[in-house]
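First, one chain by itself: the form predicted alone, in C-alpha coordinates.
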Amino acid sequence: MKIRVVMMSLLALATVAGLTAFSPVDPQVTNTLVTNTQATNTQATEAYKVDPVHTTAIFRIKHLGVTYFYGRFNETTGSFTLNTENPCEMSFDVQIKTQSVDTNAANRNNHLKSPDFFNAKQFPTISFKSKSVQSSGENTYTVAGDLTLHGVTKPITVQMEFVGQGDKGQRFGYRAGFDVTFTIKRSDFGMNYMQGMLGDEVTIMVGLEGVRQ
(Lines give C-alpha, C1' and ligand atoms only; values in the text may rest on other atoms or scores of the structure.)
Protein backbone atom coordinates (compact mmCIF):
# COMPACT_ATOMS: atom_id res chain seq x y z
CA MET A 1 0.00 0.00 0.00
CA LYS A 2 2.82 2.37 0.97
CA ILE A 3 4.60 1.60 -2.31
CA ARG A 4 1.46 2.52 -4.26
CA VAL A 5 1.12 5.84 -2.44
CA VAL A 6 4.78 6.67 -3.09
CA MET A 7 4.40 5.83 -6.79
CA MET A 8 1.31 8.02 -7.11
CA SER A 9 3.10 10.89 -5.37
CA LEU A 10 6.08 10.61 -7.70
CA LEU A 11 3.75 10.56 -10.71
CA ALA A 12 1.97 13.70 -9.47
CA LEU A 13 5.26 15.53 -8.98
CA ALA A 14 6.41 14.58 -12.47
CA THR A 15 3.16 15.88 -13.94
CA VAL A 16 3.44 19.20 -12.11
CA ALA A 17 7.07 19.55 -13.19
CA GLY A 18 6.09 18.89 -16.80
CA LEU A 19 3.34 21.52 -16.71
CA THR A 20 5.70 24.06 -15.18
CA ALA A 21 8.30 23.47 -17.88
CA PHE A 22 5.77 24.37 -20.58
CA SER A 23 3.94 27.10 -18.67
CA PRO A 24 3.48 30.42 -20.58
CA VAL A 25 5.00 32.22 -17.61
CA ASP A 26 8.31 30.46 -18.22
CA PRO A 27 10.82 33.28 -19.07
CA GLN A 28 12.17 31.46 -22.10
CA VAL A 29 8.70 30.99 -23.58
CA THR A 30 7.75 34.60 -22.76
CA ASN A 31 10.87 35.93 -24.46
CA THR A 32 10.07 33.85 -27.54
CA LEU A 33 6.54 35.28 -27.69
CA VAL A 34 7.86 38.85 -27.38
CA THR A 35 10.41 38.24 -30.12
CA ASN A 36 7.78 36.83 -32.44
CA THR A 37 5.47 39.79 -31.79
CA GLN A 38 8.25 42.26 -32.53
CA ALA A 39 9.07 40.43 -35.76
CA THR A 40 5.42 40.60 -36.82
CA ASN A 41 5.29 44.36 -36.18
CA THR A 42 8.51 44.89 -38.12
CA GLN A 43 7.21 42.93 -41.08
CA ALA A 44 3.98 44.98 -41.11
CA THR A 45 5.85 48.18 -42.04
CA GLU A 46 6.38 48.15 -45.79
CA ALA A 47 8.73 50.34 -47.81
CA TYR A 48 7.59 51.97 -51.07
CA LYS A 49 9.45 53.88 -53.76
CA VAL A 50 7.59 56.75 -55.39
CA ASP A 51 6.65 56.07 -59.01
CA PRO A 52 7.42 59.39 -60.78
CA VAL A 53 5.41 58.42 -63.86
CA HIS A 54 2.16 57.93 -61.93
CA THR A 55 2.64 60.61 -59.27
CA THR A 56 1.14 64.05 -59.89
CA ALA A 57 2.08 67.37 -58.29
CA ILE A 58 -0.15 70.36 -59.11
CA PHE A 59 -0.23 73.92 -57.74
CA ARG A 60 -2.90 76.61 -57.87
CA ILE A 61 -2.51 80.37 -57.38
CA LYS A 62 -4.92 83.29 -57.81
CA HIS A 63 -4.23 85.48 -60.86
CA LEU A 64 -5.21 89.19 -60.88
CA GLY A 65 -7.78 88.42 -58.21
CA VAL A 66 -10.25 87.08 -60.77
CA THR A 67 -9.43 83.41 -61.30
CA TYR A 68 -7.11 80.57 -60.35
CA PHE A 69 -4.13 79.59 -62.45
CA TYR A 70 -2.87 76.00 -62.39
CA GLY A 71 0.58 74.58 -63.04
CA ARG A 72 2.35 71.31 -62.37
CA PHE A 73 5.71 69.72 -61.71
CA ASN A 74 6.70 66.81 -63.91
CA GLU A 75 9.37 65.17 -61.73
CA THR A 76 8.57 63.84 -58.26
CA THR A 77 10.69 61.27 -56.44
CA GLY A 78 10.97 59.87 -52.93
CA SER A 79 9.76 57.10 -50.69
CA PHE A 80 7.27 56.28 -47.96
CA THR A 81 6.52 53.49 -45.52
CA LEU A 82 3.10 52.01 -44.89
CA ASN A 83 1.68 50.43 -41.74
CA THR A 84 -2.06 50.94 -41.41
CA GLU A 85 -2.16 48.97 -38.14
CA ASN A 86 0.48 51.17 -36.52
CA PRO A 87 0.51 54.59 -38.27
CA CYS A 88 3.23 55.99 -36.02
CA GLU A 89 5.61 53.68 -37.93
CA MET A 90 4.71 55.37 -41.23
CA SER A 91 6.86 58.04 -42.89
CA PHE A 92 7.06 60.18 -46.04
CA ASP A 93 10.11 61.63 -47.79
CA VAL A 94 9.22 63.35 -51.09
CA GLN A 95 11.19 65.60 -53.44
CA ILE A 96 9.92 67.71 -56.35
CA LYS A 97 12.33 69.11 -58.94
CA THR A 98 11.69 72.82 -59.46
CA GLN A 99 13.31 72.62 -62.89
CA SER A 100 10.34 70.46 -63.96
CA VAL A 101 7.73 73.20 -63.47
CA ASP A 102 5.28 73.17 -66.40
CA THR A 103 2.57 75.74 -67.19
CA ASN A 104 2.20 74.96 -70.90
CA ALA A 105 4.11 78.13 -71.87
CA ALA A 106 7.88 78.06 -72.38
CA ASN A 107 8.50 81.74 -71.53
CA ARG A 108 6.46 81.51 -68.33
CA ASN A 109 8.19 78.27 -67.35
CA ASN A 110 11.59 79.97 -67.72
CA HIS A 111 10.41 82.92 -65.64
CA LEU A 112 9.18 80.60 -62.88
CA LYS A 113 12.59 78.90 -62.82
CA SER A 114 14.34 82.28 -62.46
CA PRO A 115 15.31 84.01 -59.17
CA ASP A 116 11.99 85.90 -59.30
CA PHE A 117 10.19 82.70 -58.31
CA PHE A 118 11.55 79.20 -57.66
CA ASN A 119 15.19 80.02 -58.48
CA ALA A 120 15.64 76.46 -59.72
CA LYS A 121 19.40 76.74 -60.16
CA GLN A 122 20.03 77.65 -56.52
CA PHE A 123 17.13 75.65 -55.04
CA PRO A 124 16.68 72.58 -57.26
CA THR A 125 14.15 70.76 -55.06
CA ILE A 126 11.00 71.25 -53.02
CA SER A 127 11.00 68.62 -50.31
CA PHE A 128 8.76 67.30 -47.57
CA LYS A 129 9.96 65.00 -44.81
CA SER A 130 7.51 63.75 -42.20
CA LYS A 131 8.18 63.76 -38.48
CA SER A 132 4.99 62.08 -37.25
CA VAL A 133 1.95 60.27 -38.63
CA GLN A 134 -1.33 59.70 -36.77
CA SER A 135 -4.63 58.20 -37.80
CA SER A 136 -7.35 60.86 -38.07
CA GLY A 137 -10.24 58.76 -39.36
CA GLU A 138 -11.07 56.03 -41.82
CA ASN A 139 -8.27 56.03 -44.42
CA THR A 140 -7.05 59.48 -43.35
CA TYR A 141 -3.86 60.48 -41.56
CA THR A 142 -2.53 63.62 -39.94
CA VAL A 143 1.04 64.02 -41.12
CA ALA A 144 3.38 66.59 -39.58
CA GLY A 145 6.76 67.39 -41.05
CA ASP A 146 9.09 69.92 -42.65
CA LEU A 147 8.47 71.55 -46.02
CA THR A 148 11.53 73.05 -47.71
CA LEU A 149 10.82 75.52 -50.52
CA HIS A 150 13.01 78.27 -51.99
CA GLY A 151 15.71 77.42 -49.46
CA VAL A 152 13.40 77.96 -46.47
CA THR A 153 12.21 75.15 -44.19
CA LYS A 154 8.89 75.46 -42.33
CA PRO A 155 6.90 72.95 -40.27
CA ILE A 156 3.53 72.05 -41.74
CA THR A 157 0.74 69.60 -40.91
CA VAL A 158 -1.38 68.07 -43.66
CA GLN A 159 -4.26 65.62 -43.96
CA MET A 160 -3.47 62.70 -46.24
CA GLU A 161 -6.00 60.29 -47.69
CA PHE A 162 -4.95 56.67 -48.11
CA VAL A 163 -6.49 55.86 -51.50
CA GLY A 164 -5.67 52.16 -51.74
CA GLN A 165 -3.19 49.34 -52.18
CA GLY A 166 -2.92 46.00 -53.94
CA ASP A 167 -1.02 43.63 -56.18
CA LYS A 168 -1.37 44.87 -59.77
CA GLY A 169 0.35 41.98 -61.44
CA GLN A 170 3.77 41.41 -62.96
CA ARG A 171 3.72 44.64 -64.95
CA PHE A 172 3.01 47.06 -62.09
CA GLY A 173 3.81 45.11 -58.93
CA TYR A 174 2.34 45.77 -55.49
CA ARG A 175 1.32 49.43 -55.14
CA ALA A 176 -0.13 51.89 -52.66
CA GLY A 177 -1.13 55.52 -52.97
CA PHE A 178 -2.09 58.69 -51.10
CA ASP A 179 -3.73 61.98 -51.98
CA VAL A 180 -3.09 65.30 -50.24
CA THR A 181 -4.14 68.93 -50.69
CA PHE A 182 -2.78 71.77 -48.57
CA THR A 183 -2.25 75.54 -48.76
CA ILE A 184 0.82 77.61 -47.93
CA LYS A 185 1.76 81.28 -48.18
CA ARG A 186 4.60 81.78 -50.63
CA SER A 187 5.74 84.87 -48.72
CA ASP A 188 6.56 82.58 -45.77
CA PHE A 189 9.19 81.02 -48.02
CA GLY A 190 10.63 84.29 -49.37
CA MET A 191 8.73 84.25 -52.67
CA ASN A 192 7.32 87.79 -52.89
CA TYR A 193 7.56 88.66 -56.58
CA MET A 194 4.37 90.13 -58.14
CA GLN A 195 2.44 90.31 -54.89
CA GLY A 196 -1.00 91.70 -55.69
CA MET A 197 -1.00 90.49 -59.28
CA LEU A 198 -0.50 86.97 -57.99
CA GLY A 199 -2.01 85.68 -54.77
CA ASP A 200 0.07 84.93 -51.72
CA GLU A 201 -1.68 81.65 -50.99
CA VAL A 202 -0.68 78.64 -53.07
CA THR A 203 -2.63 75.39 -52.97
CA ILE A 204 -0.59 72.26 -53.63
CA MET A 205 -2.19 68.96 -54.65
CA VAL A 206 -0.23 65.71 -54.80
CA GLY A 207 -1.37 62.26 -55.90
CA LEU A 208 1.36 59.98 -54.58
CA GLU A 209 1.82 56.46 -55.93
CA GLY A 210 4.52 54.04 -54.84
CA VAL A 211 5.79 50.55 -55.61
CA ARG A 212 6.52 48.20 -52.73
CA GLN A 213 10.19 47.31 -52.46
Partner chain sequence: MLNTIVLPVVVPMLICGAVLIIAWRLRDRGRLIRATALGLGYLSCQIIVDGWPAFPPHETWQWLFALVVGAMVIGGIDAVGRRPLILRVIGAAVLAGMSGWLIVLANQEHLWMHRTTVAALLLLWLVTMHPITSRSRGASVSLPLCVAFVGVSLVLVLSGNAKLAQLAGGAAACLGAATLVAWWRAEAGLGCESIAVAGVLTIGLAYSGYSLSFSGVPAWAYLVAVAAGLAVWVGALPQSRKSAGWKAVTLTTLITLAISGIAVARAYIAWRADSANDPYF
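Computed from a predicted structure; not experimentally measured. Positions refer to the first chain, counted from 1.
Keep in mind that the form predicted in complex with the partner chain is missing from the display, and what follows is about it.
Colleague: Look up in the predicted bound form whether residue 120 has a non-hydrogen atom within 4.5 angstroms of the partner chain, and give yes or no.
Modeller: Yes, residue 120 is a contact residue.
Colleague: With a 4.5 Å heavy atom cut-off, would you call residue 105 a contact of the partner chain in the predicted bound form?
Modeller: Taking the distances in the predicted bound form, the answer for residue 105 is yes, it comes within 4.5 Å of the partner chain.
Colleague: Would you please decide whether residue 151 lies within 4.5 angstroms of the partner chain in the predicted bound form, comparing each non-hydrogen atom pair?
Modeller: Heavy-atom contact with the partner chain at 4.5 Å: present for residue 151.
Colleague: Examine residue 110 and determine whether its closest non-hydrogen atom to the partner chain in the predicted bound form is within 4.5 angstroms.
Modeller: Taking the distances in the predicted bound form, the answer for residue 110 is yes, it comes within 4.5 Å of the partner chain.
Colleague: Heavy atom within 4.5 Å of the partner chain in the predicted bound form: which of 125, 114, 132, 136?
Modeller: Exactly one listed residue reaches within 4.5 Å, namely 114.
Colleague: Would you kindly say which of 140, 99, 77, 84 lies with a heavy atom within 4.5 Å of the partner chain in the predicted bound form?
Modeller: Going through each option in turn, the one that passes is 99.
Colleague: Which of 156-164, 46-54, 143-151, 174-182 has heavy atoms within 4.5 Å of the partner chain in the predicted bound form?
Modeller: Looking at the other structure, the answer is 143-151.
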